[in-house]
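A lone chain, given as structure tokens: the form predicted on its own.
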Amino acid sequence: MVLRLLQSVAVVFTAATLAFVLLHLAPGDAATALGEGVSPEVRAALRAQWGLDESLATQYGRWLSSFLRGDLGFSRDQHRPVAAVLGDALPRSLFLMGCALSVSLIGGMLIGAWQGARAGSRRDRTTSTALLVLYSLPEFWLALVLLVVFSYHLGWLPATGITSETYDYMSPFDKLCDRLSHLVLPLVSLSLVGVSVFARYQRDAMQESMTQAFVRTARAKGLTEAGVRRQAWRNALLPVITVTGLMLPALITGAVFVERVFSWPGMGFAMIRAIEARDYQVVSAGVILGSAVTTFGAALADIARDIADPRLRSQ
């Protein structure tokens, strides 16, 4: 456990350092991002005030020193502390990603278990083809298609944001419906690809589990087919638990694009805005948070796998 924690800290530190260096090596800076209406003298004065005219090593040392003291810095674009920016955005992203992961996991496990119990049948082949098509679709493209169809053409669901402009004047029930209606399109965009991934792994694991000796023994003892499938499904959970940890980086990346498309005010939306404004402090802190969530999720997946299979704890 201690080694795993040290590895996680090393991963987060490396990711944050790479993000800081690459951002500062990219063309332009926060003064350039102010636009054409700012004079060269004002830009130079702002660079000196913000310390952007200092060497990269000096800027990195100052940033690292502040970070180790728990100071994430100040957002020059939003004119408030970075901790406040992330404090507003992070819960919204975690809520969206948590819902998407739950839908992906439950939907993928149900579909994959259903396929694995009927492996080789026409229904299995048809469903596998549909899931393969779904797996090949990028989240941002899927989000744009859903936006155009269900919001602009059909008008069934709102296009952007997390609430309507009249939200403050609604009844409690209408407020709940309004929030759910704003959640549907981002959630579907982010979870459909995940459903195909989980279903694929669950199908293969279920198919292999159905050929094991304990399944034949259970049938020979007269257990019903539904009971046999339940036992086979429990034995096929390990690959899905492992994939859950591996899915987190893809989920975070997908959330960045989905939040941008639907103007969902989460971490992805804040990060893209910060990148466009060369707001280095927000981007660096966002990378640290994303890396921490990813490594934490992977560690949780390892622990869940050890709990599911006691044999792994002795290895």
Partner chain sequence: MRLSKTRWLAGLLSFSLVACPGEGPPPKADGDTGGTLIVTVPAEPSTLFPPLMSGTQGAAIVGVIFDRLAEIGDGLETYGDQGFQKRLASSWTWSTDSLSIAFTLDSLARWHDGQPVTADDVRYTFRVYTSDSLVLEQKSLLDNIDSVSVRDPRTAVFWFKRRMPRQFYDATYHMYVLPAHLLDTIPMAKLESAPFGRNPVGTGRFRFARWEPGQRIEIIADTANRRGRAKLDRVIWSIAPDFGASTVKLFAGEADFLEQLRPENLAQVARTPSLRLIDNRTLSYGYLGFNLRDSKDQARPNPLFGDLRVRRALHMAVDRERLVRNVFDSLGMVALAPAPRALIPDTAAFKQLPYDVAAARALLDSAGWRDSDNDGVRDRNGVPLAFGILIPSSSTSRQRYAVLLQEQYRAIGVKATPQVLENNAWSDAVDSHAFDAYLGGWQPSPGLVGLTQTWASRGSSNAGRYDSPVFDALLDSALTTFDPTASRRYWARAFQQIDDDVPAVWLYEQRSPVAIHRRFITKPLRADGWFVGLADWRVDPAQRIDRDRIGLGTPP
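Numbering follows the first chain given and starts at 1. Model, not experiment: these values are computed from the prediction.
The discussion below concerns the form predicted in complex with the partner chain, not included here.
Using a 4.5 Å cut-off to the partner chain in the predicted complex, not one of 124, 196 and 291 places a heavy atom inside that distance. Per the 4.5 Å heavy atom criterion, the partner chain in the predicted complex is contacted by stretch 31 to 39, the sole one of 247 to 255, 281 to 289, 31 to 39, 53 to 61.
Taking the partner from the other structure, the partner chain in the predicted complex has a heavy atom within 4.5 Å of a heavy atom of residue 79. Among residues of the shown chain, residue 170 is one whose heavy atoms approach the partner chain to within 4.5 Å in the predicted complex. At the 4.5 Å threshold, heavy atoms of residue 65 stay clear of the partner chain in the predicted complex, well away from it.
The partner chain in the predicted complex comes within 4.5 Å of a heavy atom belonging to residue 166.
The contact with the partner chain in the predicted complex, taken as any heavy atom within 4.5 Å, belongs to 159 out of 159, 137, 188, 215.
With the partner omitted here, the residue from 181, 235, 102, 242 that has a non-hydrogen atom within 4.5 angstroms of the partner chain in the predicted complex is 181. Contacts with the partner chain in the predicted complex, taken as any heavy atom within 4.5 Å, map within 256 to 286 to 260, 261, 263, 265, 269, 273, 276, 278.
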